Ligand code: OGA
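Let's start with one chain on its own, the form predicted on its own, as structure tokens.
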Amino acid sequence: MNGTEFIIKAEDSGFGAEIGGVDLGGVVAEETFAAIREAMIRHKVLVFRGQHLDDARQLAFAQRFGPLEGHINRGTRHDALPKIQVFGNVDQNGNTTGVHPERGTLVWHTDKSYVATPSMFTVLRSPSVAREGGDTLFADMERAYADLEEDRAARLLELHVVHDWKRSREKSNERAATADEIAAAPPVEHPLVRTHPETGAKALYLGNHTSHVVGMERAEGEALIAELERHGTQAKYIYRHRWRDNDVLMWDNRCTVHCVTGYDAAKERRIVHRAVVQGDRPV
């Protein structure tokens, strides 16, 4: 790669990889960028250590993958760069609030599945990391689907699930969705099993944003979603990211779910800045 030291260090399972030899805050050559994107599709979760990015550089890097999405929650938008979303437990005086922002991030989900064209990639950096807890977990929903019994996997292909921002807020005991948010993100149907548009692989597509199964009695559908989530988030499908200062983490929302582990929000400072690349309609 023209003398660069681009390195991919993959997890043993192939799910998740650490990328070395790249400065995301500098000029990333087209050849290197293409290799990053190829690694993203292959490994689903990428980690870049020791990156010194500000918001503008994070935005510029994320934009190379495609148009960026806005955010339903206006309260978390960056004041100067609204396509950057800021989550943190630190107030304007630099004191911890004691509260983890957006409790929905503590439960399994895939970003923005409650809109018609959900997120493709998410690019996350953490200006301040918790020293204990606050890890990000990812589950490989392609492997989870592939491991289902053949007959059951085939039956799931026939099902659609409603994803709903309003219901997601209720399930995570977060503040209620506003009327403007509900209008901007009304309930939407997606297949329970989606096909990756670039690889053709199939994956379970669910998480906290899911509300119910179309055409199925509510309680039965909720039980099915919960059962499949338990199956898909078994330890054998999980990659755990333990944050370090100046990490950049990115993932493919079309075939993964993720969540944050608990931490002491009164003691630990934790701030993350997020940019999200728009995807396409699940099929």
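Counting begins at 1, following the sequence as shown. These numbers were taken from a predicted model, which means no experiment stands behind them.
The same protein also has a form predicted together with the named molecule, omitted here; what follows describes it.
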Among the candidates L192, I84, L124, A139, the residue which, in the predicted bound form, approaches the named molecule to within 4.5 Å (heavy atoms): L124
Contacting member of F48, F65, W243, Y237, with respect to the named molecule in the predicted bound form [4.5 Å, heavy atom]: W243
A17: touches the named molecule in the predicted bound form, heavy atom cutoff 4.5 angstroms: no
Proximity of V22 to the named molecule in the predicted bound form, heavy atoms at 4.5 Å: no
In the predicted bound form, H258 touching the named molecule (heavy atom, 4.5 Å): yes
4.5 Å heavy atom contact, T105 to the named molecule in the predicted bound form: yes
Stretch in contact, per heavy atom within 4.5 angstroms of the named molecule in the predicted bound form, of 142 to 150, 170 to 178, 200 to 208, 109 to 117: 109 to 117
Any residue of 240 to 278 that, in the predicted bound form, places a heavy atom within 4.5 Å of the named molecule: W243, W251, H258, V260, R270, V272, R274
